[in-house]
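Presented as C-alpha cells, the chain that follows is alone, the form predicted alone.
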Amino acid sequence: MKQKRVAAIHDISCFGKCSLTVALPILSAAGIEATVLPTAVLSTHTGGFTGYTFRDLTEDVRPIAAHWKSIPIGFDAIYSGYLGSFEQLALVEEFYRDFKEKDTLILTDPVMADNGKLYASFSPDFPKGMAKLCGKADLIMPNITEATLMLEEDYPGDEYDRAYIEKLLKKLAGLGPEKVVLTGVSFEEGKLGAASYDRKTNAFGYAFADKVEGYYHGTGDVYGSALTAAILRGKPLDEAIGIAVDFTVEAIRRTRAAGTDIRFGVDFEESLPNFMKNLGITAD
C-alpha cells in the first residue's frame, strides 16, 4: 500500500508539546508521512509562558510551496492549525488551491479562541477570515467558542443541549465543509468529548470520555492530529472522533497522574501503542 502524505501547516513551539511537535509524531505513528510547512518558530508556546521568542515565517510560506510544486510532490491531505495573521490565512488558502487534487482532503483546525474568548493576539474581525478559510475545507474541527465566533453567534457557555449542538454543526457545514467535528462538547457533568456531522449523509456522531479536571495545553493539537490520522487510515467519521477522544484523554490522565506542569503539554507518547492498535496497525 502506498504511504499517505500530509502537509501539516502549523507553527513550531520548540518546548511545550503542541502544534508541529505533536502533529509529526502522531501522524508518523499512524504510518503517515508528515511534510511540514512551519508558519512561525517560538521558544515555547504562549500559554502560561512569558519571555518567549517568536520568529514569523510568513515570508517563507510561498517560496516553500513553490519549491514543492517544482519537484513536484502531492498530498493526500492538507492539515492546517494556528495561523497568526490575515496574511497567513490568504497564503494557506492559496496553498489549498495550488495543491488540492481530486482526492486531496483538506482538514482545518481554526485555532483562535477558547472558553468564550478570542485569543488576545487576534483582532475581532479575524474569525470572519477564518470562516472563509474553513469554507474551503472538507473537514473542520472548531471548539464551541471558535464555532460561535465564525458564525457570529453568542457563546452559550455550558447552557446548551443536543438540539443546540446539532443545529450548530449544521450551520458550520453551511460554511462549506462536508464534515464538521465540534470539540469540547458535554451533555452531563463529568463527561467531555466531541460531536460530528456529515453533510453528505446527514448523520451525527458523538464520543465522550470521563472528564479530567484542569486545563492542559496542546490537547487540541493532539486531538486534531489523531483525528486527521484516523480519517486518513480509513476510519468512518463517527469512529474517528472516538479514537481521537480516547487517545487524548488517556494522555491527559497520565499527565495528571504524573503531576506534570500543565504548561508542558501532555504525555501522549506512551499512548501511541494503543492509538496504533485502535487504528488497526499491527507489527508484521
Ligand code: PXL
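Don't overthink the numbering: it's just position in the shown sequence, from 1. Here the structure is a predicted model, which means the values were calculated and not measured.
The same protein also has a form predicted together with the named molecule, omitted here; what follows describes it.
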property: Partner-contacting position among Leu42, Ile243, Ile32, Val36 - heavy atom within 4.5 Å of the named molecule in the predicted complex; result: Leu42
property: Listed residue that, although the named molecule is not shown, lies within 4.5 Å of it in the predicted complex (heavy atoms), from Phe95, Tyr82, Tyr197, Phe75; result: Tyr82
property: Heavy atom of each of Ile231, Glu239 and Asn278 within 4.5 Å of the named molecule in the predicted complex; result: no
property: Exercise: Cys18 in contact with the named molecule in the predicted complex, heavy atom 4.5 Å; result: yes
property: Gly218, heavy atom within 4.5 angstroms of the named molecule in the predicted complex; result: yes
property: Contact flag, Phe187 vs the named molecule in the predicted complex, heavy atom cut 4.5 Å; result: no
property: Any non-hydrogen atom of Phe86 within 4.5 angstroms of the named molecule in the predicted complex; result: no
property: Contact segment among 210-218, 157-165, 171-179, 123-131, judged by heavy atoms lying within 4.5 Å of the named molecule in the predicted complex; result: 210-218
property: Sequence-ordered list of residues in 118-133 near the named molecule in the predicted complex, where near means a heavy atom within 4.5 Å; result: Tyr119
